[in-house]
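Take a look at this one chain, the form predicted alone, written out in structure tokens.
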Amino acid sequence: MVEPHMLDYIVIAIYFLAVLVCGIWFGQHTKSTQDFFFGGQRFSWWLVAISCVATLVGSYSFIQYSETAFTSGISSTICYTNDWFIIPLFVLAWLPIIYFSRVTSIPEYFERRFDARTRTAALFVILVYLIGYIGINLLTIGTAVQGILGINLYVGVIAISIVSAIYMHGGGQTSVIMTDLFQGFLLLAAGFIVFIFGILHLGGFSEFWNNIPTEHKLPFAGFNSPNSYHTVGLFWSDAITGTIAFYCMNQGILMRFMSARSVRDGKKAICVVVLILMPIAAVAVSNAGWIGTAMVNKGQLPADIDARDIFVKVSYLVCTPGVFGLVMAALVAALMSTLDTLVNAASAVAINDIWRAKIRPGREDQYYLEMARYFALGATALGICLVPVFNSFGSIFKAFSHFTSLVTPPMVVVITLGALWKRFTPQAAFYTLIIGTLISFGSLFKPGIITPFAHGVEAVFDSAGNISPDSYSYMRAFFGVAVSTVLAVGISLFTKPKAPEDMPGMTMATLSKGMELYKGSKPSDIGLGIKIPGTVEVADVEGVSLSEADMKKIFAEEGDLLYVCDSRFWLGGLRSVHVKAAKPHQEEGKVLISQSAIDSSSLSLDKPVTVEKMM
């Protein structure tokens, strides 16, 4: 336990207050379940991208990757720099499919792509994944708060949960995105503050670099050794299985990209996140471990320091009072931003796949909005209940790797083949989820079955001479993917696929039909990206009416989907709306719009707007 200065407590308290005010303030823009879950699909790519940093940098990131950096060096950045494998699948298939099909949850996609029983199987797996993830994040921040402040683990968990639940209850996805924008900047800033202060503490960059062992300067870990951290294992468990699961199976992160104002903006966001922001974040979350190694070699830290404490100890040692409080607030920010996304996602699945679909169908949207807020509280409560279960593993990373390697592989295979291969059948999808999951769990009891898939990773034996389940924590993901792929392809070859007309827009091959259904007519790419200025007036129109001259400027026709946005770009689309083009008028520069569109968009009548064609 460290001893924070009173100024540190003040900074942390100010942070909590700022998050609450931000979340509640932006919650006023939430008027429907579409707003609560997807932010009204109104946000600009840069806002989505920056807010994603706060979600992707989980509460475990600073602690776990600083620990890995301390024991393994610069190769700790691998987990944050290998997400580029997801870009082709996400940009070309998954994001357009989900966006244009207007599905409100991943399980809904499974029913439309396959059948109802596959949706039920996927629903169970995804809820387990999301709520388990919530529990792991709560455990992490509770452990951190316990180490910093000496507070009981469960008291800290409950306190954090209450703060998160307050602004989640009010604002949903809009509150999540706007608070995560603030927290994303704070996370990166705090990480680099520790790096800069640490280098200064050591006496300059040369002192830092010269006190790091040569093997710690290598960008990759060993191919299949040591057992605890190796490149081939990270490739299968993180770059392939983990990345596809996080971006495609994780309802929370997918909802973030679905909140973009268009598929084009979503594609820009994922490229910026993966290729620019995540490598920057890798340095921010890992550098305390590198600094700690140099400090040990220079005699500024004891050689027997616990690697799990390295982030907090280095931050406390190099940061002045107040700055240390800012860094600890960033640690809390990492938890809050990941937690709010997961809770919102679990609420979306519960409402759209259970409550609205099966238990209370046909109600008013406001009813579902209110229930979504209560389900968000319920998901948080379930996550708290799982904290003791994950705490029994003894290591947060061990709990996390075991959990994800067991749950994600079958879902990753079904999602990938479902999006790319129209021959993939409903029977194959269902049995891959069921049998693949059972076999993955079976490997816990018979870990020897993973040996042929282990790429030469050495097994670890327990005192009785049996292979320990810990031997293949990373390679279990590859084993699960391999088994699930064989099941999926094999069963598909002997069963009948759905006809393309029965799953429009659900695969890459039928995406054009999905775009047509999304718009309600044939889509047109001419004029996309052209913006025209205007002033808003309320009128009795269906959608939005522009002048004939303005319609020609953006190559729009009656029935096209337009995007009307407050011209202040720094709002990132917070005040905006998608509407269909109505019959044009003659007064150039006037944007005639219905009162209902004004109400749903929060547009100000006294502020100029821009209009552009979406489809």
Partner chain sequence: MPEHWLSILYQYVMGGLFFFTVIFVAIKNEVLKPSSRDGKFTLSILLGGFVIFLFVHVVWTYCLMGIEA
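Residue numbers count along the first chain shown, from 1. The shown structure was predicted, so the numbers you read here are calculated from the model rather than taken from an experiment.
If you look for the form predicted together with the partner chain, you will not find it shown, but the lines that follow are about it.
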property	result
Candidate stretches 429-437, 183-191, 108-116, 212-220 - the one whose heavy atoms come within 4.5 Å of the partner chain in the model of the complex	212-220
Position in contact with the partner chain when the complex is considered in the model of the complex, options P88, P302, G442, G448, heavy atoms within 4.5 Å	P88
Option touching the partner chain, based on a heavy atom within 4.5 Å in the model of the complex, out of A282, L202, I244, A121	I244
Contact test in the model of the complex: L275 vs the partner chain, heavy atoms, 4.5 Å	yes
is_contact(I74, the partner chain) in the model of the complex, heavy atom dist at most 4.5 Å	yes
Contact of I532 with the partner chain in the model of the complex (heavy atom, 4.5 Å)	no
Contact test in the model of the complex: F100 vs the partner chain, heavy atoms, 4.5 Å	no
